[in-house]
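Before any questions on how it binds or moves, here is one chain, the form predicted alone, in structure tokens.
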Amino acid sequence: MSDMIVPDKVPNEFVASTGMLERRLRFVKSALLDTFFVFYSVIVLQRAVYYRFILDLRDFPFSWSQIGMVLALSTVAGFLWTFSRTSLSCRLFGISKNDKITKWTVEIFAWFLFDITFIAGWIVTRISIISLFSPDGIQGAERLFSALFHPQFGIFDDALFAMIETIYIALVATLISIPLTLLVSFFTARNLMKDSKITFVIYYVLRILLNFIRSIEPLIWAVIFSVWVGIGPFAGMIALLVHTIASNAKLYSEAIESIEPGPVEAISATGANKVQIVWHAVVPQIVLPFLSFTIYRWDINVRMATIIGLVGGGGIGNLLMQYQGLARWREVGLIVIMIAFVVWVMDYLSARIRESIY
């Protein structure tokens, strides 16, 4: 009898420990987010609203000791707020109380956070309707758009070659990313990695790493790799490749997490190993979403490839930057028209291919 009880007892203990670990992680995440909310609110109110709006100071006073003190107080306030389980973060992570006080607290703070963010954004960006419609500004815009709508076709050959280079940068980055993203996505799917503590740790480490990579835009990656491997299409391709892997891994893993559990349970009951379960129960359910995400990402990469050329990633963006720096707006007009046309064609083809898949 004891031999029959042990196999059932171990998974139950692991499930309980995993649930406790997940609750603790939710609490820590909520406390850190509450700390950020408090710190952000104090800094925005003090620096942006008080100094800039009320005192009308253009240069904000800056003191590391003052910032450190605010951060320390925000940390204490954030953790205490999380302990009360009445904060916005607790509601976001599903650990808040279910009463009227919590509801009112969350709603009031959410509106307060939105309001001070909007006010701070208005102040920092220095929105000015007068500058937008000033006579000098309107005249400059007229000259610019006049040149853009009278393109110079003398550089068509160079622009066409640069546009083809841009398309291939996006294509190669997308194709190379597919096998790497497929491999990573299975290790970042919670439903496949929650069976043991080791796989659960791997899941969280990869998630954190991919979130960090994805948070850095391809434009920044292009700057990094243009210094690393030199200015040109290779740097642009690597920049798109890195960001594509991180972005698509999230989409792929979410598709894996949303599969029907029935086939997985049925094949598991036959005694199949983990690889067999994934191949026969998971893969058939995710082929179409994977294809759709990949095609859509190629569409995105074509657009991004035109931008990363501005910082040394090669392609049409590099040519655009050259003529823009020389203020040759008629040449810029031709390049803009070509970019708009290619992006429109890619968007149309991507939509049609994804429709045909489904």
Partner chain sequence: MLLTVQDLHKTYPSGKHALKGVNFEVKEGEFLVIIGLSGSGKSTLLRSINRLIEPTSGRVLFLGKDITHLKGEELRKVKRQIGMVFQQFNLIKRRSVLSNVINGRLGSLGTIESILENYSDGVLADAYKCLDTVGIASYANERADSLSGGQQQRVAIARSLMQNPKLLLADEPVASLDPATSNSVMQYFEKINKETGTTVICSLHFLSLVRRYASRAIALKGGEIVYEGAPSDIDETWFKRIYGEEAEEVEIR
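In this text, all values refer to a predicted model and were calculated from it rather than measured experimentally. Residue numbers count along the first chain shown, from 1.
One more form of this protein, predicted together with the partner chain, exists but is not displayed; see below.
- A heavy atom within 4.5 Å of the partner chain in the predicted bound form is found for one listed residue only; from Trp279, Phe83, Trp228, Tyr168, this is Trp279.
- With the partner removed from view, the residue among Pro135, Pro179, Gly94, Gly262 that has a non-hydrogen atom within 4.5 Å of the partner chain in the predicted bound form turns out to be Gly262.
- Ser268 belongs to the set of residues with a heavy atom inside 4.5 Å of the partner chain in the predicted bound form.
- Contact annotation: Leu192 falls outside 4.5 Å of the partner chain in the predicted bound form, judged by heavy atom distances.
- Heavy atoms of Gly121 never reach within 4.5 Å of the partner chain in the predicted bound form, leaving it off the interface.
- Among residues of the shown chain, Ala272 is one whose heavy atoms approach the partner chain to within 4.5 Å in the predicted bound form.
- Of the stretches 284 to 292, 249 to 257, 111 to 119, 210 to 218, only 284 to 292 has residues with a heavy atom within 4.5 Å of the partner chain in the predicted bound form.
- Contacts to the partner chain in the predicted bound form (heavy atom within 4.5 Å) from stretch 100 to 127: none.
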